[in-house]
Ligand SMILES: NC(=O)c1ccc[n+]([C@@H]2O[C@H](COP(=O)([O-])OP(=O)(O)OC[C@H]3O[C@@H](n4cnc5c(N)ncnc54)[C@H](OP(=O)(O)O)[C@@H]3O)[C@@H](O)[C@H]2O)c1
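Form predicted on its own, single chain, as structure tokens, below.
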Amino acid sequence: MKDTSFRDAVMTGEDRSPVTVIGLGNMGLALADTFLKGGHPTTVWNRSANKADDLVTKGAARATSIAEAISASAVVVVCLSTYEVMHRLLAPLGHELSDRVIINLTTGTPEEARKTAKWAAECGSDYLDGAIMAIPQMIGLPEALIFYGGPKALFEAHEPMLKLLGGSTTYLSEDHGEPLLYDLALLTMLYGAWYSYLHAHALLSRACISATKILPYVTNWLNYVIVPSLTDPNAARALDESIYATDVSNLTINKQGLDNIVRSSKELGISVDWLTPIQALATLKVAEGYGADGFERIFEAIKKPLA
């Protein structure tokens, strides 16, 4: 059951302004449901109209067209599959978007967000771009993290409504593309961790060792080695300042570890496609004389522009 204390605290404000939600995938449904629970008159629209059935029983208004949905509220929250789909649906409306506040929570790239901000301005709309760093089940909870970029005054004007969606709602900057840059950076960490997790279990499976059996040791390794090393403020500062000296585990030692993983994986018939680029960068930096530095030294090779 969801913790309602956070929502109740947010709802103590006077803002109960109408809002329209365009797009009722799993995330859009969660957004609209949270606005309803927060006391906002909520209009919804989706290409498959039946997706709104449950929301309508809870009090939402189902728009019969996207134009009707836009006209119903001054604030329009968009959560669609791609920016391309968003433009295909909204571009034909033209002047009907004038004087609307568009809050776009569609997944995409920073450049798509910046181009969309220019398009919105041409339509006469105010525009915020956001990135949701949470799953649908987290929407409305204190820990739900949502980034926003665009005019700060616009964000502040609608902050109570936006905070209803997540207690960790955060304004980043005037740059509409910055939220999606944060999004891609954090997702990069997720997919890297996810793939390494699967590769590790592929290695273990060759010896019939189950994921369940090793779980206590994975937990220990994450909690006391990996998470502290990746969340240390001093380590982050050192990366910002290109300081790679270490007295813990140097690049030469880590290269040997990578070599062993790659060799053993090949022997066991497990793909090493994701590991060989990392191994190559470590090999390069050791060859350049940086073997005594920390593993973070390969950051210089990662951010080096492609030839």
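Start at 1 with the first residue shown and count on from there. A quick note: this is a predicted structure, and the numbers were derived from the prediction, not measured.
One more form of this protein exists, namely the form predicted together with the named molecule; it is left out here, but the text below deals with it.
- Quick one: find which of 133 to 141, 158 to 166, 218 to 226, 90 to 98 has residues within 4.5 Å of the named molecule in the model of the complex by heavy atom distance. Looking at the other structure, the answer is 133 to 141.
- Message: To verify the annotation, which of these, Ser205, Thr231, Thr109, Ser81, has a non-hydrogen atom within 4.5 Å of the named molecule in the model of the complex?
- Response: Looking at the other structure, the residue within range turns out to be Ser81.
- Only one of Thr64, Asn260, Ser242, Asn26 has a non-hydrogen atom within 4.5 angstroms of the named molecule in the model of the complex; which is it? It is Asn26.
- Query: Does Lys266 reach the named molecule in the model of the complex if we count a contact as any heavy atom within 4.5 Å?
  - Reply: No, Lys266 is distant from the partner.
- Query: If you check in the model of the complex, is Ile209 within 4.5 Å of the named molecule, heavy atoms only?
  - Reply: No, Ile209 stays farther than 4.5 Å from the named molecule in the model of the complex.
- Task: Tell me, yes or no, whether Asn46 is in contact with the named molecule in the model of the complex, where a contact means a heavy atom of each within 4.5 Å.
- Result: Within the cut-off, so yes.
- Ala121, heavy atom within 4.5 angstroms of the named molecule in the model of the complex: No, Ala121 is distant from the partner.
- Thinking of Lys115, Leu154 and Leu172 as one candidate spot, does the named molecule come within 4.5 Å of a heavy atom in every one of them in the model of the complex? Zero of three within 4.5 Å in the model of the complex.
- Within 210 to 232, which residues have a heavy atom closer than or equal to 4.5 Å from the named molecule in the model of the complex? Contacting residues: none.
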